[in-house]
Ligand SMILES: NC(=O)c1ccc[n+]([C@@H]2O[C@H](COP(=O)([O-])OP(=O)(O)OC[C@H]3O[C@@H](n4cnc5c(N)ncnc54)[C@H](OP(=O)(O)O)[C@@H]3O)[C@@H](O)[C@H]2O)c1
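Let's start with one chain on its own, the form predicted on its own, as structure tokens.
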Amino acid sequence: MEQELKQINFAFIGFGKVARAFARLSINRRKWLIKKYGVEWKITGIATKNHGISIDPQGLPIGKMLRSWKAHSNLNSFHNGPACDSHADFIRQCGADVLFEMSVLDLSGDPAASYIREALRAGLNVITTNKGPVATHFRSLSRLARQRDVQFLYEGTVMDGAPVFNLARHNLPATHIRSLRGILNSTTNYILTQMEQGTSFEAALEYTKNKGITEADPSLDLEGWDSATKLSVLIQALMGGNVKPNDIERHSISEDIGRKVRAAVRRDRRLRRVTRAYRQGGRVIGKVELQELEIFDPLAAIRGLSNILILNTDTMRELAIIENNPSVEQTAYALFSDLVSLL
């Protein structure tokens, strides 16, 4: 007897590099999803800020859209249905089972939090790579997902596709995380390690911009907001604290950091911007700070675009997760791994 396939409809908010990489990955893994889970999928809607909105209940021609995509592309020509004038209308009309929220980071968490809230209320599962709404609205969105009996997943908000939250959720039962520390911003780590080799601050920063590694606003990287937002998500999701990005002490880096980088190297040490959280009484404290590390410290060995997170636990002692030179494909895989956890 032939296996009866289960149909799952996707909708995207945002169709940038991550969304397009996820679409390509889903196409490449289509046969695997059918064989492993008996699941077939189609994308019934895509909404963007600058490229229009498109809904088709029969499924958008995603292969054609990917092949023809350009910086000035407009999705409205693929729309097949009633007029859709806002993202709220889009969420209500897109016919999706899963909303992938992939809009640009805003420190306020909005408007992404509003999109996620609307989708959860409508009974959609939500998967996001946007750390802003997770950091600023973690408890309310998680509570709403439980109330609506749907999932709110966010693996791609920290360390791209490395299994951080899924590791804790599925593989560390009854484990208490005492503290954590890591290097979680590729842009600033690349700048610091390139400056050790004599590269200028400006040249290193320009490289990360050209590669699309920085946030849309690079000051979010340089001033520590990207790291603080990721740390806020980690503290709330893994340590039970209620720490927002504004509560986290941050150290910025700028072109005058070169002197400190070279001085550390002369002492056979390394300067890194360390993201850490620890318990103090009944509170969790978060900091994003420049630290001069001993050469044998695992964080000192993390160079270039690579990231590391070390969890200090009461069951497994220390666990380290290292991601070497991540790219947009790893972030796309985080969306895919969260999708698979729904099946």
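Position 1 is the first residue in the sequence shown; the rest follow in order. Treat the numbers as computed from the prediction; the structure is a model and nothing was measured.
What follows is about the form predicted together with the named molecule, which we do not show.
With the partner removed from view, the residue among Arg276, Lys42, Arg303, His51 that has a non-hydrogen atom within 4.5 Å of the named molecule in the model of the complex turns out to be His51. Contact with the named molecule in the model of the complex, judged by any heavy atom within 4.5 Å, is made by just one of Lys244, Arg250, Arg269, His87: His87.
Figure note: of the listed segments 255-263, 77-85, 156-164, 200-208, the one touching the named molecule in the model of the complex, with heavy atoms no more than 4.5 Å away, is 156-164. Though the partner is left out of this view, Phe10 does not reach within 4.5 Å of the named molecule in the model of the complex, counting heavy atoms only.
Contact check for Gly95: no non-hydrogen atom falls within 4.5 Å of the named molecule in the model of the complex. Under a 4.5 angstroms non-hydrogen atom cutoff, the named molecule in the model of the complex has Met102 among its neighbouring residues. Taking the partner from elsewhere, Lys17 is found to have a heavy atom lying within 4.5 Å of the named molecule in the model of the complex.
Residues of 100-139 placing a heavy atom within 4.5 Å of the named molecule in the model of the complex, in sequence order: Met102, Ser103, Val104, Leu105, Pro111, Tyr115, Thr129, Asn130, Lys131.
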